[in-house]
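Each of the two blocks below gives one form of the same protein chain as structure tokens; they are labelled structure 1 and structure 2.
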Structure 1
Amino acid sequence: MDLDTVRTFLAAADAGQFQEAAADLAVTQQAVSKRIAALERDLGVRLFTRTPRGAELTIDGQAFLPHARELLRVAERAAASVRAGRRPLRVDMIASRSAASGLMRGFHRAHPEIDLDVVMLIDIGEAVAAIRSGTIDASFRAVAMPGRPLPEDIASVRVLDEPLELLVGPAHALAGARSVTVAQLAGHRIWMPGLLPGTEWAAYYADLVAEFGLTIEATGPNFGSDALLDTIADTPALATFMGGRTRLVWPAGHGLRRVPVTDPTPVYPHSLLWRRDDPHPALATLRAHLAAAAPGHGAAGTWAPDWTIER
């Protein structure tokens, strides 16, 4: 099967328009139409229906979509198997301001000769699939959800326990506290609109709530960190959790406070995941750097779910 036609099909499916797919692929719209038509002839089915809004997948197109993605993953993995030492090391992290970002910046400073590609995937299942296919070499993840163990070909090591801090506005009842115990948080409203069901961080906070009887609200749309900081600054009744290594910048007038949580200190356990037979030579360098540079984990006086990744 012609991989260029498969790649064009995926671009059109993701964009929903042939014109936008053409721009993404740096070809003409006519070339996109010809490639799609050739693929449809090969398969003997219609893959798209033209609509006023653009191009929508037919039922056959929807059925072909996951297999088309797998075709390109296999092709990439085949190419990577013979040129792994020549391409950048691809590492996934959840957000650019996260603790994992800080770890990778430290790695880049220590090893500027190693080319890096940083990607940001949301779902742990997507990250694991990308590792297994060779699309990425490693991913920073925190926990595996109950009932969803890692595949046997995926290895992991816990590299950092990040303490949680309470973020409050200047009028919050705990704004003047130098620290706060977990027990003192009972009854306070902790707002976290970014808790997506099915993600490992949602599972982590669900366990935290169950363990300590906290009230975490995930209601409302997630407009990003700036909107969250604005709301916390202006609402005395609300607080939120932030990782102690999460980089935040807010306007001086906000008067936000980061309050350490103790007795015990909840920690968010970051692990590095990789495929056991990944051939990229820089992967071993990254693992050695993290083992030497990152703090330990499982310290006394801390709490994390007992289903954290480490295998």
Structure 2
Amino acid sequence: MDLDTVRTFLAAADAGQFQEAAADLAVTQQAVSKRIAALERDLGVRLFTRTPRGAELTIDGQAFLPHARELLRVAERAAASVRAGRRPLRVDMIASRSAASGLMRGFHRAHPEIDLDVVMLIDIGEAVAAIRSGTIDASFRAVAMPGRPLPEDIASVRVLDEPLELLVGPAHALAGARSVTVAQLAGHRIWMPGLLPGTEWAAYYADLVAEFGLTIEATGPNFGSDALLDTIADTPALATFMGGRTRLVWPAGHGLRRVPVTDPTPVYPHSLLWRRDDPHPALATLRAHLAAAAPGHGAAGTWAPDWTIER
């Protein structure tokens, strides 16, 4: 199936005859006839009943019609998603399973008319560069980095603290615990593959380690969360951190447990970053939505690195 063919189908369905459709598409009637015939052969059904006075849709053609329109609509959206100019609001977040994802889902529910595109960049450095260049419009990140403040033209506001929870397999020593203190984590092996040196999230965990004397192993590449969960589930001595707001679709039969961490609860601080002079109209809408809808942050009994606290 080819989009040009689908366009031809729609033109013929709207016109009620091939000849007029051909004129609309600036091709000959024979070309339209051939395209429709090819589409019918492709789909295995007859889409039009040909009469000497035109062509009208069969039942199959009627059934196909709305799908064809939808197809072109989606294609138009796809093209618009990368067109320079008034394109969908483009937002970066640290991971598709982070709390920022939930915020954006809520935003989409509240404003379904706003087209969104979500991307995931490496770290806040790349995000800031992309924001300044206008490639993306906003980013959910832990702001700044130790010793590297945000540039003047980038604004930020803290929107959400994501409490970390421990993720363990069924055979882990803490599998039955209702909660665990940070102090109790000392001595346990915590595995976080894919922790990239130089990123703000690596700095976050480095601070966490330094503050509470934990052991975090960042060895090995990240083969995706499925592989990580598999390993965690099967290895009694291994645990990992995960955002407590994550609505995880558990792979069946893993028997994974999540254990809240307390005294204090480490929270990953998500801020929204944007360029002060980004003219995208939906950006203001997003900021207003987050100001109204975002849960609190900086609650008592939580911990986050100094450098993430905004001025």
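Sequence positions of structure 1, starting at 1, serve as the residue numbers. Predicted model only: the values in this text are computed from it and were never measured. Each form is matched to the other, and the largest set of C-alpha atoms that superpose within 1.5 Å is called the rigid core.
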item	value
Which of the two shown is the form predicted in complex with the DNA	2
Per-residue C-alpha change between the two structures, E70, threshold 2 Å, rigid core fit	yes
Core-aligned C-alpha movement of P269 between the two structures reaching 2 Å	no
E40 C-alpha shift between the two structures of 2 Å or more, rigid core reference	yes
Per-residue Cα shift, R53, between the two structures [Å; core superposed]	58.0
